[in-house]
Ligand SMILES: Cc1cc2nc3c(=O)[nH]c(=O)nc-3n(C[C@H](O)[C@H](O)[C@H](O)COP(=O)(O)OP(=O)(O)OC[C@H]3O[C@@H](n4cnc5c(N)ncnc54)[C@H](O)[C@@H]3O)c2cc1C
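For reference, the chain that follows is the form predicted alone, supplied as structure tokens.
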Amino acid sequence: MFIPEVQLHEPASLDEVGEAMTDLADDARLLAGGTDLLVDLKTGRVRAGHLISLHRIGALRGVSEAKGGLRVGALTTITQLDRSRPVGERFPALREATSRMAAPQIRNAATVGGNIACAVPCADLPPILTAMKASVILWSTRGHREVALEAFFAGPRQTVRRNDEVLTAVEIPKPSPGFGAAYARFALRDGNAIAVASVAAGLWVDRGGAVREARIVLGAVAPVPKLVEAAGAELVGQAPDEDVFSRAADIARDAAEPISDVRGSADFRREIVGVLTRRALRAALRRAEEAK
């Protein structure tokens, strides 16, 4: 199986990207790491006569601290994000996603922006970033806009990004006192396995030990990363314990919309969601208590 004939464009600035996207219209695709797009071209899932590579735009790379939080350039690879000092010191939940994603060779090529913009339901970064209230920055020649991640996905492989927009960065807010997050996933094997189901949890705990806010996000078991607001609401105002976590896990399990495929049945995935929710909440609580 071969990649069909395409013309490669290598603009050196966002302005040049904008010009190319305007000129080529719907016959072009943006190329970052290529770990999803090139496979899609080979299999015929995607058709394009032109690829607009972003690799020469250095401003789209790197992890920096901004307003106490993180700004991650869209071309930052998964490996670079995993090894960045701020992630290691202050965002351990993010590393739970980056360190277990695919194989090292894929992590060395795949980009943060691509993992999000491709909108594949089993992607690892969107659930934990949504739980942490992250947003994406979308640039076009008309300006830029910021979109909360839970509002970014419109369906499997569909987002609200317009055809003339480039996802340039991800912004993760500064962790507040009493905040903890965690990511739990299940796959059929350790090496290069995509998630059968995943759950991300974010907890904000007050000085008295009660939950003031909670976010539970499901991955790989719905058309898009699913923020289960009812599960989070079940925790608010409660002193978190196993009974409370079990009730939230039951709500998350019932909210899942899994399919059956070669990796597992819908019923199996739904049960896994309950297990992963409890696991993620326990880990998030430990971190929240350490951060108070």
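Start at 1 and count along the sequence shown; that's the residue number. Values in this document were obtained by computation on a predicted structure and should not be read as measured data.
This next part talks about the form predicted in complex with this ligand, which is not shown.
Although the partner is absent here, A32 is a contact residue: one of its heavy atoms lies within 4.5 angstroms of this ligand in the predicted complex. Contact annotation for A102: at least one heavy atom lies within 4.5 Å of this ligand in the predicted complex. This ligand is not shown here, and in the predicted complex it never comes within 4.5 Å of any heavy atom of T98.
Although the partner is absent here, C118 lies within 4.5 Å of this ligand in the predicted complex, judged by heavy atoms. Partner contacts here mean any heavy atom within 4.5 Å of this ligand in the predicted complex, and among 104 to 112, 88 to 96, 196 to 204, 216 to 224 they occur only in 104 to 112.
Only one of the listed residues (A48, V63, L37, A255) places a non-hydrogen atom within 4.5 angstroms of this ligand in the predicted complex, and that residue is L37.
Of the candidates A181, A184, V136, A74, A74 is the one whose heavy atoms come within 4.5 Å of this ligand in the predicted complex; the others do not. Residues of 144 to 180 placing a heavy atom within 4.5 Å of this ligand in the predicted complex, in sequence order: R161, E165, V166, L167.
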